[in-house]
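One chain follows as C-alpha cells, the form predicted on its own.
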C-alpha cells in the first residue's frame, strides 16, 4: 500500500468516527433542546440548578458517535463511565438521597401549625390519578400510565424513582418532562390562579400561624413516617429518607449531618442526577411519538393538579367561618415544587395587596404536596409493580 493510500485510508477511518459523519437531524434537534434549556436557566433564571445540568447533559448525550466501534462512551453502553453514573437513576439511588436533602432543608412548621393544609396537598394529587386514567384510555399499559401520571406531582425525583421501577424505557422522557414543568411553574401556574379566583378571594388575609414548639418539630417526622409508611409501605424509600432528613434538622444534635444532607450531598446528587437524566435523552431513544404523548399527558396532569388545589380551597372556604377562610392563591402550592409554588402564591398575593404575605401559609400545602406525591407514588408502585 502506498503512502497516499495509507493516508487516505486512515483519514477515511477517522472521518467515520467523527460526530459529523454519524450525525442525524434528530441529534441536532436534541442539541437545540439542550441549548434552549441552558438559555432558559441563564437568561430567564428558570430553575438554573436543574436546567443547566439537564441541558448540558442533553448536549453530552446527543454527540453522535459510531456505536459499533466499541468505544464504551455512551450512557447506554454497559461499563461506560456515563452508564455507571446513570445507574443512580436507573436503579433509583439518587431520588431517595434528594429526598433526604429536601427533608433536611425543609421547615414543616406551617403544616404542623395548621394541619388542615394537608388536605390542599392531597387535593393536588388529583392531577396524578386523572392523568393515569387518561393515559390508560390512550392505550398506555398500566405501569407506563402510572409512571407518566406522576409528572402531575411536579416532583422530579419522585417521577424518576417511579419510572425506574415501572417504565424504565420511558424514564428519560418522563424525567425531562417532570423537570421541565417544575422549571416552568412561574409561567404555567399564575394564569390558572387568576382564572379560578376572584379579586375578592385574592385579597383574603390569613391569620398568622401559631408558634410551633421544638418538641412538635421532633415528633412530626417520627409520627409522619409511621403513619404514611404503615399505610403505604412501598413509599418507604422516599418517605423514609424525607422524614429522616427532617429529623436530622430538627432534633438539635445532628446539625453537621443536616447541613451535609441539605447542602453538599444534595448539590452533588443534583449535579449527577441532572446531567445523567439529560444525557439519557439520546435522539434515537427520545424523539418518538410516545415522547410527545408523555409531554402532553404530563402537562395535562400538572394543569389538573394546580387547578384542583385552587378549587379545593374555594370549596373548603364554603365550610369555614369568615375569620378562618383560606386565600385560594395558596391552592396552587399543593403540588410538590418546593418552594417554587409557594413563592408564586406569595408573589401573586403581593401583586393584589402589597401587605398580604402568603409565603408561610403557602409552605404548608407545598410541603404537604411533597408528602402527597411520595404517597401517591407508593400507591401506584404497590398496585402496578
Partner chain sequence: MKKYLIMLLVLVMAAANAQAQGRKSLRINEVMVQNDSGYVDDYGRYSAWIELFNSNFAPVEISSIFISNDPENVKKYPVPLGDVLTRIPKRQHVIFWADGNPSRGTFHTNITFTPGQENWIGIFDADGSLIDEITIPANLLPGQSYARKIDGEGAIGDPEAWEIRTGEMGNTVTPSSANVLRETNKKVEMFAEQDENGFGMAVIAMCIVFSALLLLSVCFYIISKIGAKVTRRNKAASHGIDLKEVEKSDRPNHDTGEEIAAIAMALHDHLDAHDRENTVLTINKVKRAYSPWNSKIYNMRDMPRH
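Everything numeric here is computed off the predicted structure, so don't read it as measured data. Positions refer to the first chain, counted from 1.
Although it is not shown, the form predicted in complex with the partner chain is what the next lines describe.
Joint contact, 123, 136 and 355 to the partner chain in the predicted bound form, by non-hydrogen atom at 4.5 Å: Answer is yes for this spot.
Check each of 286, 244, 129, 295 and return the one that places a heavy atom within 4.5 angstroms of the partner chain in the predicted bound form. If I apply the 4.5 Å criterion carefully, the residue I get is 129.
Pick from 190, 92, 224, 237: which has a non-hydrogen atom within 4.5 Å of the partner chain in the predicted bound form? Of 190, 92, 224, 237, the residue with a heavy atom within 4.5 Å of the partner chain in the predicted bound form is 224.
In the predicted bound form, which of 192 to 200, 296 to 304, 226 to 234, 172 to 180 comes within 4.5 Å of the partner chain (heavy atoms)? Flagged stretch: 226 to 234.
Looking at the partner-bound form in the predicted bound form, is residue 362 within 4.5 Å of the partner chain by any heavy atom? Although the partner chain is absent here, residue 362 would stay clear of it in the predicted bound form, with no heavy atoms inside 4.5 Å.
Is there a heavy atom of residue 259 lying 4.5 Å or less from a heavy atom of the partner chain in the predicted bound form? Contact check for residue 259: no, nothing within 4.5 Å of the partner chain in the predicted bound form.
Is residue 275 close to the partner chain in the predicted bound form, meaning a heavy atom pair under 4.5 Å apart or at it? Taking the distances in the predicted bound form, the answer for residue 275 is no, it never comes within 4.5 Å of the partner chain.
Using a 4.5 Å heavy atom cut-off, state whether residue 216 contacts the partner chain in the predicted bound form. Contact check for residue 216: yes, within 4.5 Å of the partner chain in the predicted bound form.
For the heavy atom contacts within 4.5 Å of the partner chain in the predicted bound form, list the residues of 366 to 385 involved, in sequence order. Read in sequence order, the residues that approach the partner chain (within 4.5 Å, in the predicted bound form) are 368, 371, 372, 375, 376, 379, 380, 382, 383, 384, 385.
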